[in-house]
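As structure tokens, one chain now follows by itself in the form predicted on its own.
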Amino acid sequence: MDSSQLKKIAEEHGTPVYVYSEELLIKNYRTFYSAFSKRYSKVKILYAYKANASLALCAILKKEGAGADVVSGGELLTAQKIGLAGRDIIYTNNSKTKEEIAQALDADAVINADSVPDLLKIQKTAEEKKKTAKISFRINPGVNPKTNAKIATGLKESKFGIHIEGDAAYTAYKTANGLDNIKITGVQTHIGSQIKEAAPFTEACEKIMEFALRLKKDLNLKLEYIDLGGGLGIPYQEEKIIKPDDLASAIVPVVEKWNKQLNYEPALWLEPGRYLVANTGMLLTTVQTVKETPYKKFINTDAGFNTLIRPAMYDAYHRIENIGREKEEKTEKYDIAGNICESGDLFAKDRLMPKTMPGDILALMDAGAYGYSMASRYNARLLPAEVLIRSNGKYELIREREKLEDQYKYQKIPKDLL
């Protein structure tokens, strides 16, 4: 993205502000989709809205052909607002409310059950609404994705899914197969996020495909799709990570091998999130002061972990650029601090940066995923604006910055306290 344009955006819309590239988002989607579609005839990409559910970004991906992997009623409504049909939406959550299940039923979305009690709750809601629920089960394959423990979802100890071991998953499908208001459509798994190598994916795929064969042999179930979830990482720090082409070349042969025993070809569903949006977005923040202590130099910014929590929550690394000073060779070592009242509110420690001055604009890179979607109003701070740089080079505001009064919209003071 052009430095002069980024400075103009910061001046026009203020900071902190998220800025996204439509061109890069489209490129990422096409790269991912083509990696699989050139190897397998039936592929569906369902973008994981948890990464970033901004309407404009979801609409771009919908236009490219993506469906939606949603985890809440709000994300489901987002998918509906951009015009996605129920057949292109999968609703996954380990703790669904009756209201959320009803909403998914009304949308005719696929509901991904997380347990037998979850299944029975879906069945009861569908019966009350005189509807048939299209379901799959989220299967826990017991695979170590070799990623941060907080985002590893395929481990045996994880809260997600039904374990494939000990007949738990098989029993769930057998139970579902006997319910009047349930239609089994597929099987799903998701082993984690920011995964860097193919081995965990292929291990999970082997287990899921073997399980699909058992469902056919023992229950005569012919699945419409095998959903292998998402989780492909990106190089935040120039580390080595497999590309979509590598992932597809590892997974598709496994699927095809088992298809020969299945004697049918289920569709292959995939749920990328971070890979599609992370590097399309950055968070711009303005330097307020530069403070030197006997021990550290601090760059104090007008953003905080309320706008980008990943460094504080996961010790995540984000590249940081001083816009307009990128080519300066002389550097100094800084801690880059946010404006939240917590010692842990640091975007970077001991980071080499060009000599930085108040008023400089910093760009926290690769912030398109789990940036705005995890933002909060902590410290009564306002949620930032979002700007989209279109493929034609022009930019548009896609979300207004909150105003101070917005945070009081739904609050009430008891009359006796006034």
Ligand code: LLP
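All values reported here derive from a predicted model rather than from experimental measurement. Don't overthink the numbering: it's just position in the shown sequence, from 1.
If you look for the form predicted in complex with the named molecule, you will not find it shown, but the lines that follow are about it.
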Inset, instruction - Determine whether any heavy atom of E75 comes within 4.5 Å of a heavy atom of the named molecule in the predicted bound form, and answer yes or no. - result: no
Inset, instruction - Could you confirm whether Y29 comes within 4.5 Å of the named molecule in the predicted bound form, counting heavy atoms only? - result: no
Legend entry - Interface membership of R381, the named molecule in the predicted bound form, 4.5 Å heavy atom rule: no
Inset, instruction - Tell me, yes or no, whether Y372 is in contact with the named molecule in the predicted bound form, where a contact means a heavy atom of each within 4.5 Å. - result: no
Inset, instruction - Counting non-hydrogen atoms within 4.5 angstroms of the named molecule in the predicted bound form, say which of Q188, N306, T280, N140 makes the cut. - result: Q188
Legend entry - Among the candidates R39, K50, K44, K62, the residue which, in the predicted bound form, approaches the named molecule to within 4.5 Å (heavy atoms): K50
Legend entry - Partner-proximal stretch of 81-89, 173-181, 297-305, 230-238 relative to the named molecule in the predicted bound form, 4.5 angstroms, heavy atom: 230-238
Inset, instruction - Go through 262-281 residue by residue and record those having a heavy atom within 4.5 Å of the named molecule in the predicted bound form; state none if no residue qualifies. - result: E271, P272, G273, R274
